[in-house]
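Before any questions on how it binds or moves, here is one chain, the form predicted alone, in structure tokens.
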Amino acid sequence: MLPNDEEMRLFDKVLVANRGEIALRVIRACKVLGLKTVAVYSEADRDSLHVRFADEDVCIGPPAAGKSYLDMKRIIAAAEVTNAGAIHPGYGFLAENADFAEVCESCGLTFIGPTPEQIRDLGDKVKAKEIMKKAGVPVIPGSEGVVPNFETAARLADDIGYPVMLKAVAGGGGKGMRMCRNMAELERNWYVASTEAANSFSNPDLYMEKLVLNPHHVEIQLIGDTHGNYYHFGERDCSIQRRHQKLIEETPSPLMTPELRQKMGEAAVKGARDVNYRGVGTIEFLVDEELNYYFMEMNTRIQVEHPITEEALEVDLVKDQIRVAMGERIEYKQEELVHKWASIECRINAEDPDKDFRPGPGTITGLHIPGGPGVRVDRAVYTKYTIPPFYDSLIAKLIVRARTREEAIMRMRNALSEFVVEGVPTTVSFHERIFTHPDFVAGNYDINFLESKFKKLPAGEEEPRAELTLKRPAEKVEPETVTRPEVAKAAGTSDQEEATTRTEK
């Protein structure tokens, strides 16, 4: 639908119920579609860029998120007073809150996301696992539902076999998750995880899964419209994590094969189709060393790391997300949704890596943003902008794309060297270390990379640094050209050596 086809539209003004770079990203997508925008902001965000570039803006309360960005009544009131017809929740805050989606619908507002029932069912990790299992998607062995007490957990752990993982039913962001390698750890962690889950999600319920050793965290991006069309956009590898928080994402995954990509993509679409899923979503899997994959959870929103999929496949996921909410038909050819580029993203946070990543809010006194071909920076900060202490510490998302993974890594190294932020601590130097680490460059990593291979060096000791030799790129990077053997060769490792390395991991 063209931007001037006003008579067919369900809405022509969108309220963005979020802040920072994702709010600005949504505003830009709305403008491409010819839609008016409304920014909401707390008193701490009065000078934010999303406020400056929206068509209208409304202050919804004091800095505390609970009295502003998480206050449903204030956001609905802002939509009504500005005559907005739809609300885009971004990610975080109310993006996966089924009650909020329900309130939007009851007030005659289009919620740009899945239905309340889909959010509720897929947000419950136990129920989501049941849904995916019924759809034929492989799931991790574990409890059939909530584990009611420690005694049941102990018997179940013996049946499954250690190690096991306790997880909060309503969890996210690593909260309420504990690994247990034996009975003593299970007893200790059961009460810790339950208490953390209750404090974080107002729900102490836990379930149990077999712990998959040394896995990759691989997610499949998908979309479904209201006309029965479903597509997937390949994978993102999100295995570089710290305390279950993603730090670096890349696509294609160095683990992936064309056959595995097809299987996982088809499984994700099958799971979404079985619940008539609406909008963009991401199904997250754990992939073990033998390339077995298991459903982990589904995120019913746009992801923080969506830009690498946009760059690698040359699509606009946020625009498509809004188009689905407008009732449009999304038309792709699945066989044409292939990687044209290799793309990597790292999250630049206002944190001090030398002080256990302690957040460092404050005023940015100097800022230089990297540029050049294949470099994208999603941000909402500027010189003299004050990073408030009330929200997450994200400064920017640095995204690069190139014809090969090796060139993308080199481009990321250069971009990081140009990224200058003065006045607050940042994770730039931390990322620079990762992108020169031989194992990362070789694609030889899993979710335990930072704990197992990325230690703080003693004073005076130099860190190993991988050099890159860039090959002449082909006309187009097909998914099958970016596989583990290719990566190993680029790092100076033979196929046999690479296979041995994987076996010994």
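All values derive from a computational prediction rather than experimental measurement. Counting begins at 1, following the sequence as shown.
Same protein, other form: the form predicted together with a small molecule, not shown, and the subject of what follows.
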With the cut-off set at 4.5 Å between non-hydrogen atoms, does S393 touch the small molecule in the model of the complex? no
Are any of the heavy atoms in K134 no more than 4.5 Å from a heavy atom of the small molecule in the model of the complex? no
Does any heavy atom of E209 come within 4.5 Å of a heavy atom of the small molecule in the model of the complex? yes
May I ask you to check whether H217 falls inside a 4.5 Å heavy atom distance of the small molecule in the model of the complex? yes
The small molecule in the model of the complex reached by all of I140, Q241 and E284, non-hydrogen atom within 4.5 Å: yes
Heavy atom within 4.5 Å of the small molecule in the model of the complex, from candidates M296, L367, A98, V304, belongs to M296
Consider the chain as shown here, without its partner, and state which of P388, P258, G174, G371 has a heavy atom within 4.5 Å of the small molecule in the model of the complex. G174
If we take heavy atoms and a 4.5 Å cut-off, which stretch out of 164 to 172, 428 to 436, 70 to 78, 184 to 192 is in contact with the small molecule in the model of the complex? 164 to 172
